[in-house]
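Look below for two forms of one protein chain, each set out as structure tokens: first structure 1, then structure 2.
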Structure 1
Amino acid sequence: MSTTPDDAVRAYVEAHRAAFLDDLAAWLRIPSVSADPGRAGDVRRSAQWLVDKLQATGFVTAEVWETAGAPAVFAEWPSGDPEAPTVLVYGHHDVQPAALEDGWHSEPFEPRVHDGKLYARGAADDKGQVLFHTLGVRAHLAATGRTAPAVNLKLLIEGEEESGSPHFPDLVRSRADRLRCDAVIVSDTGMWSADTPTVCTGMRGLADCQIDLYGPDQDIHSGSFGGAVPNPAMEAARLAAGLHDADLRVAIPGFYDGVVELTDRERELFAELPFDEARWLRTAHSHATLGEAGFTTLERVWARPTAEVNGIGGGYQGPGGKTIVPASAQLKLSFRLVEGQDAEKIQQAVREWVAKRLPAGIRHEITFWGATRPCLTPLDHPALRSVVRAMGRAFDKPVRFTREGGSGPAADLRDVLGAPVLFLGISVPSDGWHAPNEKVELDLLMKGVESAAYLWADLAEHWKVPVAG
């Protein structure tokens, strides 16, 4: 058990709760929408606000890091203990676009507290979950009597995550020496529910593309020429229909090469979660589950690779009929990837698969929009055990395990820095990330503060790093 006193942490957090929420509200008022060029100044203002707050918190170093796009924030607070592990916290300070007319009950950039919830764009994704580390480290110091954290603490808070992190890999590579660490803590994630605290242990990767198909040089009469020349819209449909076999496994040769399969223990951990399929379907606005044979719904969305048709089109789309063979068609596909898959190899496999399936007379172009690599945390890693213990103390409940079906830049940190990635987040599904009326549960936010306060001492106690030389 870590030596950080629980009562002392909770007393400090409660005493400073109001001031912390005032700070968060001030930050949330800055509309740091990275996707809107007109908000570039606000994104920069958000970064500087965070630098000022981190300096006031006690971080020895806090500075804006420029990129070719929006600025990031870096901060560092050395422990002073030569055996202390170095931990890098990742999050982002940019937010999704939001406007009152989108369906918000109040102005999205004017924080509102109602019934124990704080409503504002960025409240959960991700400003609230970034800022809880400032109060968490102060509570850690107050409860332990330390003047510096028990770990060498670093923060990297990105400014373009909501725009796809286009410059993040280059930033990490160019600043790798400053970012060097023993573990990465990602606070841009969530939990199963308020009653079931969980730790995420992995995120899927992503590769997505657009396939443009061209046949005749113009739309032509389907009576005069149909059935005698290739039809791009028909070929787009054949490609889409051929993506999966009868068991709904992806039919592209080589797609599953290297896939790290679920262990029996991981399947048991997923099965421990109180999964209600009917409720999940309501959340998905869908009417039945369907997917790869031999796997549960949670296993399909968390731990299996997928291929999805995101859009398909071509030919006449207006009212009534128009009897043509269209000149072109388009297919948009996305592939979620799991540990062991290589995005570049998947892209090449898709290119070869498409080329072999198209008949003569159909020209095609494939455009891929970059790639995100998958990321998986080993269940036996000592840092993961520390995260679980810290959250267990904060929530006073057993902590379960999940994965995330979506994708993010965590693998860039792991691959460049050579450090395992852990996830510490307190958001719940009802928080409405990217949606109108985004909110964060204030009591859960304070549990995030507590978890961070317990984590640093626990890591230092259970994970000593050998001293070089």
Structure 2
Amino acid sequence: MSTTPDDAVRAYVEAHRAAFLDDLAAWLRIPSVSADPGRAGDVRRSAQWLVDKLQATGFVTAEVWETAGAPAVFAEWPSGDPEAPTVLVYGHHDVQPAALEDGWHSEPFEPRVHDGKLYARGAADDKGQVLFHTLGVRAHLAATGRTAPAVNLKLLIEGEEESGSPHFPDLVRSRADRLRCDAVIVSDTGMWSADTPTVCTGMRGLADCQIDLYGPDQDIHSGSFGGAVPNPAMEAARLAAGLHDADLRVAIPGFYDGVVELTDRERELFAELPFDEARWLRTAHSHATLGEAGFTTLERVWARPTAEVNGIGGGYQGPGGKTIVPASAQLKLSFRLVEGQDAEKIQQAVREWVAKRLPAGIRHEITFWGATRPCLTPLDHPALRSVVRAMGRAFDKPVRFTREGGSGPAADLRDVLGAPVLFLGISVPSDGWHAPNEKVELDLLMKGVESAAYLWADLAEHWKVPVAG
């Protein structure tokens, strides 16, 4: 199979573009805001709309999966070929809140097309990127003459992603049998830019905690006692300040154990991206860069583990001064993890490090709020090569590589299902996720449809998965 565009796919996509956009607009009109209890009915309506749409598309199974919160949608379309790989597409059908008065130029739940862009809440995050798989699989069938996809295709579209996916890990664990797959394709991300199609190859993991420090049994007078007793606010500050060495490397013993370092090839690939620091800083709402010595900004946020203070508090925080030694203080830390780090070992290392650094007279408690594992797909993974070829054909451009600094529920899928996680997304940074006037670029959206159409054939052709058993 060549990596050039496929006329049959393009013709099919073009012929069905208008109907596809009508469908998407209909779905976007359902304000499926998972964070708003008053919209619970709309979230359910959105799930049912998608089930109907997937059944109409040809999926053999399409059903609502209940959770303790908002419903997810599951669908399945077997290939019929016993050797075909099984692929699970992940996305979500819930959206962020939106209201005209937030600064929208038109009603957020009344889609509007202008200058090649479709404006509506959820256009890019994530309804547009979920729905392109429906037209994508139909184009795949039309171009190949098949009646079922070349891969065993499954979809899991959750309804609480914008609320932190509180029930998603449970859902995946309890339904692991039906979700079993050889690869997960996440369609809930973006590309570097419209001119630079990219594939994300990994996300960082996360371990975050709260450290409570207790000193005197009550706030005490800093004149009478200050300078002679330990101060928990000072000790919280010393812990935070001690997290890094002078090179801003994390100073906790064992923190870097097992870290899969960036290869020279990956560093070259990151460096090929048209990075503009001033522009990046505007996106970060920040006024300078600062980070681990020896790494670029992109390497720091995508591929290096970090320790960050998310919150610190202790003593008097009201107006004016109050001359006390406070009774307690609190520190909220998050550690971003990369491939090779073990979240449980990191937690243990943090616990031991904290216990050793505190002086007599300071009692402490540490609470970790679970952990999200990092995920990284090697550049030479056959499924990743397929995604790159599929996008390369759709965009007719070289496809470059990125990673994602954040941590997401995708890692739950990898952990529970034991399958690599790949990312196929066509959104661009200007799409305004979670912001007013969210939009999707229609040309890019259709490239997403095309990419999906090429992907299933390419995967089936190039990736022979050993039959389980």
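Just so you know, these numbers come straight off a predicted model, no measurement behind them. Numbering for residues begins at 1 and runs along the sequence of structure 1. The term rigid core refers to the most C-alpha atoms you can superpose between the two forms while keeping them within 1.5 Å.
It is structure 2 that shows the chain in the form predicted in complex with another copy of the chain. After superposing the rigid core, the C-alpha of residue 234 moves by 2 Å or more between structures 1 and 2. Once the rigid core is used as the reference frame, the Cα position of residue 156 differs between structures 1 and 2 by less than 2 Å.
Core-superposed comparison between structures 1 and 2: CA of residue 208 displaced by 2 Å or more.
The Cα position of residue 245 changes by 3.5 Å between structures 1 and 2 once both are aligned on the rigid core.
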